[in-house]
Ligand code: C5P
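Given as structure tokens, the chain that follows is alone and in the form predicted on its own.
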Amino acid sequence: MFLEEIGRIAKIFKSLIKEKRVRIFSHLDADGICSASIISKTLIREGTNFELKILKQLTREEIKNLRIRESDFLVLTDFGSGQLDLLRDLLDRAQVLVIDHHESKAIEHLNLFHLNPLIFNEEEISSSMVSYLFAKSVDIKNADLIDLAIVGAVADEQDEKWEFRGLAKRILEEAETIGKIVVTKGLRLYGRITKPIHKTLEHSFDPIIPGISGSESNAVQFLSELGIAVREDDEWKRLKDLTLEEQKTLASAIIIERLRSKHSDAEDIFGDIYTISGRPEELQDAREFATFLNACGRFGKADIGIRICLGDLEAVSDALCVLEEYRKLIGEIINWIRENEAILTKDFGVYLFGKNFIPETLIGTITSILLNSNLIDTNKPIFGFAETDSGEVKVSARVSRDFKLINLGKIVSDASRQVEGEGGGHVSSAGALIPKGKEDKFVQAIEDMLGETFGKRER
């Protein structure tokens, strides 16, 4: 039924855009940028003019500031499902297409076209994958955008344990069949194509390498002790340049370091590698591509990410500069967390208080990194707090996908309402905006709800 609805709405969309002013709004992360790029390319091919704006999130204030005309056709990607109650007035004045994969409000309206696998009781796939299925239904020639669907899904961690399942896996297999993606097994370390091997180790936070992640000098020493040279013929060696024997040596050493730090998943350093055909070398690894886009979006340079997705090769060098700043800042933040009492562990949750040191656009990235580290109790959900430019507090929550007992999106939504905030999300990841000064009350609401689920037993 979900695929049938995609086809039905695609036909309506194709006829309406000829007489409407199309306006796209999307989230700033890689999934949002890929989704917006897929829809943008579809509209370009249909000869339709449109506007595009990337937002930190779709808040009540952002919706109020939209100047809507009856001739508008709004497309919301990677958000909207959880904000349908805020869109009621807007829906009375304009038609809205929501392409999303977050937990949804139960609202129907004549002007609402809603594509979300969850409302059809389908398993979750990324917004970029939904956007791709929609674009392909508009015109089959948009099938060549499937690599962006994979990149967005990878960025949104749809490939649990680095492996796609269900409908997402079928989309991946389609990408393989048409020659857009090549799947191989390998070390799941970021930067295997673009970075010197020691920088790859320094910037590896998922999986984290205890004592090495975040430290360039320790990474160089680690490689030296393994007998792996960082340079060859006056060129920096990359992960892809290592011999098979060197890769085995490196993998074994990383596993040993993780075992020493008592990681229960010490051997969880291997996974599927997705190589994209027809893209510049810097963009051929889907994870590196996704990191480029995340860096651009979270540094306020989403336009660079959109340009890259649409094939503007001149934007790649700009993205490399942004990426370097992004990785450097993440390293500084992790070190700051280590050196400051920023983490509070309570009975049922772990709470990171980033104050004004951690940017609101990075708090989600940091909580994800911590969830894969040895810096916190990873058997509990983590909630990160960061102050926003508007004087509110951004909350980002994450929990291990193996943790099946709670719906984090619902818990964060309920806790947000108790402190006059807004929130929601997925089963294993969620976010909120709450008033500054209400953090303690929010934490207590979270603890109370988690306590009702788990009781007072030891975890």
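Each residue number is its position in the shown sequence, starting from 1. Being a predicted model, the structure only gives us computed values, none of them experimental.
In what follows, reference is made to the form predicted in complex with the named molecule, a form of this protein that is not presented.
* **Of 43, 63, 433, 55, the one that lies within 4.5 Å of the named molecule in the model of the complex (heavy atoms)** => Here the answer is residue option 433.
* **One stretch from 415-423, 34-42, 47-55, 65-73 that, in the model of the complex, holds residues within 4.5 Å of the named molecule by heavy atom** => Going by heavy atoms within 4.5 Å, the stretch is 415-423.
* **Touches the named molecule in the model of the complex: residue 364 (any heavy atom, 4.5 Å)** => Yes, residue 364 is a contact residue.
* 4.5 Å heavy atom contact, residue 102 to the named molecule in the model of the complex -> Answer yes; at least one heavy atom of residue 102 falls within 4.5 Å of the named molecule in the model of the complex.
* **Sequence-ordered residues of 330-344 touching the named molecule in the model of the complex, heavy atom within 4.5 Å** => The stretch does not touch the partner at all.
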